[in-house]
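Take a look at this one chain, the form predicted on its own, written out in structure tokens.
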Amino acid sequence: MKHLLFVCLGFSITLSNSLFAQEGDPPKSKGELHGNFQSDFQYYFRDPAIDPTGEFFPDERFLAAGFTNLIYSQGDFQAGIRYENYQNNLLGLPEGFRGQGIPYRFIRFQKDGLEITAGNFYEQFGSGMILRAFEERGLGLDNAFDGVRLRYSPFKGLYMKGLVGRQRLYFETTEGIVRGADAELNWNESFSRFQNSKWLITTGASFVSKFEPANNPFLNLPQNVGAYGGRLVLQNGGFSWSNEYTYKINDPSEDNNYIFKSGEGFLSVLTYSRPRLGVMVAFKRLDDMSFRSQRTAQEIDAQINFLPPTTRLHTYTLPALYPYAVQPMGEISRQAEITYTFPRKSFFGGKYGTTIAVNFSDAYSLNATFLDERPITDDPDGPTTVAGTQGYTSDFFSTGQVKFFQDFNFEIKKTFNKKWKGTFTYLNFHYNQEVLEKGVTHRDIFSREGSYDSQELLYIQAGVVELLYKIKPRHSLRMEFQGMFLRDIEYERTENRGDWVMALFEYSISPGWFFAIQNSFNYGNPDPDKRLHYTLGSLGYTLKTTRFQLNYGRQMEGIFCVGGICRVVPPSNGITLTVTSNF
């Protein structure tokens, strides 16, 4: 706590000196204080229909959470703090968010190409496969570093970074110490012979290591775990090809059941664009790429790296109930997308033009050969590999026999006239419920009787119609109509929620007001007692830089994901008030 007080005191002195300088002092640039805050207040109602046992109903019916950021800047100097308060924990957030404190504070100085940050900071190397510290408040994810970071550009086109620190774990820090270095070279900026080249070339290299004391009486765990990677980006006109490879030495942890196997990740993204046309193709392979600064951490805690998704991230309410979560212990995934805009006054384009996007993605297990002699078992909770062994081997480009996910979708955007425009979406999913919701691994599925043919795959079709009607200047009505229909060829399982329909109406008066009402009806649930309506009403008002939003209604149970990282959201019924402001 002493270091927090010291930083706050230094921040106050700096601010005071800037605001109350004497007239005789030499002229200085004025300092600026900026910030933002958010407060969430929730009052819960007991709802036996969505929570029959009261398992998710909080002991305290009124809960609140909030934060305030203050950032002071003057010339080359910047300092900031963030105060957070959770009284008590809101439903759906990780249990560690209880209490209050200042988990984020920093001082930053930059001059002559050198930038020094002491305290907390976020950072990313490359795509993030080897290191990414960031905040996603909706998920309750914040893995900021607490330490020191240097950034330096010795000459034009070369950008270097170095850091050392511990990661945030709610109001504490992790046991492990993370050290990292990254360098990126833009060849066209650095070398005269490439300055006029049509090809733009960028290369980069990273190294990250963690130190964590080992105290396991049965396994000789490594205290130092290193990872390294390289990347290459080529661009020419509308063509771009990005490649990144990372390698991590053996890192026994809770995630991989303490096997001594190295990990690797590879991501390749090829894009091409020209007027009215865009094409994207991506390939990703992950193998034992969970990388945490605390080997016993679970879920979204203490993650050093971020594994980019190669599936489309759906934001519509019903399709978002079945999102794909990246599988760090092993996956091969592919994605392809084509977007084309038909020109105005053409047969398909009409008077205002039409845009169509077609997307396909899938994800499979690795084609793995397991090295231990684990007996066949029907127990889905059994270990996937034997601790202390090397686990398995796998072919690099060969896919396994367990399908995690598949998504085919297309979207049409059409402006009909000056008042009406619409978006029409069709989606077709294959969703492995065992893997993505229950945590069953592909080893368990493959080794049990019946092999991979008995995996729980859901087949989902969904359609969305979104319409926007401009009533008059500053007044508009947005409407959504969604339907989602499930089938399961092998089994009739009551835990599947069945078919849904949903409708939403949102009336906006720009720039201040909006009013919305939506209803999701789970009419096809195999359990008649769960064929429920989830109705939610919303009201929002914006006054300059401050926004107020009031919600009342039911929140369905499900999985909430951002960027391929997911957490489970419990069912709830209540009133929520959110206030946000910037200054």
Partner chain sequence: MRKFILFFVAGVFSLSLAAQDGTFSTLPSVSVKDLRGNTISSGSFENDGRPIIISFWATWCKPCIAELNAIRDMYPDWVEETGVKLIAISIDDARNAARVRPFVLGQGWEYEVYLDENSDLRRALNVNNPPHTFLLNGNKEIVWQHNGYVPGDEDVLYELVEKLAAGQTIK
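Positions refer to the first chain, counted from 1. Since the structure is predicted, the reported quantities are computational estimates derived from the model, not experimental observations.
Although not depicted, the form predicted in complex with the partner chain is the subject of the following passage.
- Heavy atoms within 4.5 Å of the partner chain in the predicted complex belong, among the stretches 238-246, 251-259, 386-394, 215-223, to residues of 238-246.
- For a residue to qualify, one of its non-hydrogen atoms must sit within 4.5 Å of the partner chain in the predicted complex; none of 502, 531 and 535 qualifies.
- Contact annotation: residue 527 falls outside 4.5 Å of the partner chain in the predicted complex, judged by heavy atom distances.
- In the predicted complex, residue 50 stays away from the partner chain, with no heavy atom inside 4.5 Å.
- Contact check for residue 34: a heavy atom falls within 4.5 Å of the partner chain in the predicted complex.
- In the predicted complex, the partner chain lies within 4.5 Å of some heavy atom of residue 544.
- Shown without its partner, this chain lists 111, 156, 345, 193 as candidates; in the predicted complex, only 156 has a non-hydrogen atom within 4.5 angstroms of the partner chain.
- The partner is absent here; in the predicted complex, the one residue of 98, 276, 419, 487 having a heavy atom within 4.5 Å of the partner chain is 276.
- Residue 355 is the only member of 349-367 with a non-hydrogen atom no more than 4.5 angstroms from the partner chain in the predicted complex.
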